[in-house]
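Shown below, as C-alpha cells, is a lone chain in the form predicted alone; questions about how it binds or moves come after it.
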C-alpha cells in the first residue's frame, strides 16, 4: 500500500470517529431533554460508548500510519 493511501486512511478514521462521537453526544442530549430523569444513566452510557468509539479510532489511525510508512 502506498504511503499516501495509509495517511488518507488514518485521516478518514479520525474523521469518522469525530462524526461518531458527535452523533453520540447529540442523541444523548436529545434523550435527556425528552426524559430528564434518565440523564445520569444516559450520560454514563454515552460516555462509555464514546470511549469505545475513540479507542477503535485510535487503533485504525495507528494501523493507517503504520501502513503509510
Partner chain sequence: MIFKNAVTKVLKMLKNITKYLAFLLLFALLFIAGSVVAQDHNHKHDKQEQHNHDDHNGHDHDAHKAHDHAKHDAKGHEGHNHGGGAHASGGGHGAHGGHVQTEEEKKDYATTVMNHINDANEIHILGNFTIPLPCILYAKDKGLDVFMSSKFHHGHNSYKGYVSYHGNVKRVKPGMGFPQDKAVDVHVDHFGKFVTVGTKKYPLEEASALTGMSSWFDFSISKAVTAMLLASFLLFFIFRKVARSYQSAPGTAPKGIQAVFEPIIVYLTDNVIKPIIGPKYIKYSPFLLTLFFFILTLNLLGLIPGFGFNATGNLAVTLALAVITLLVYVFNGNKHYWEHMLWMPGLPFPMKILMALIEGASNLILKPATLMLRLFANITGGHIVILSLVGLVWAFGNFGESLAGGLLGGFVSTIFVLFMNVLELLVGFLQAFIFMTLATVYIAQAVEEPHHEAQH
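Residue numbers count along the first chain shown, from 1. Keep in mind the model is a prediction, meaning the values are calculated, not measured.
Keep in mind that the form predicted together with the partner chain is missing from the display, and what follows is about it.
- Note on the partner interface in the model of the complex: the residue among 25, 18, 11, 55 having a heavy atom within 4.5 angstroms of the partner chain is 55.
- Among heavy atoms of residue 5, none comes within 4.5 Å of the partner chain in the model of the complex.
- Remark: residue 44 counts among the residues lining the partner chain in the model of the complex, judged by a heavy atom distance of 4.5 Å or less.
- Although the partner is absent here, residue 62 sits close enough that one of its heavy atoms falls within 4.5 Å of the partner chain in the model of the complex.
- Contacts with the partner chain in the model of the complex, taken as any heavy atom within 4.5 Å, map to no residue of 13 to 33.
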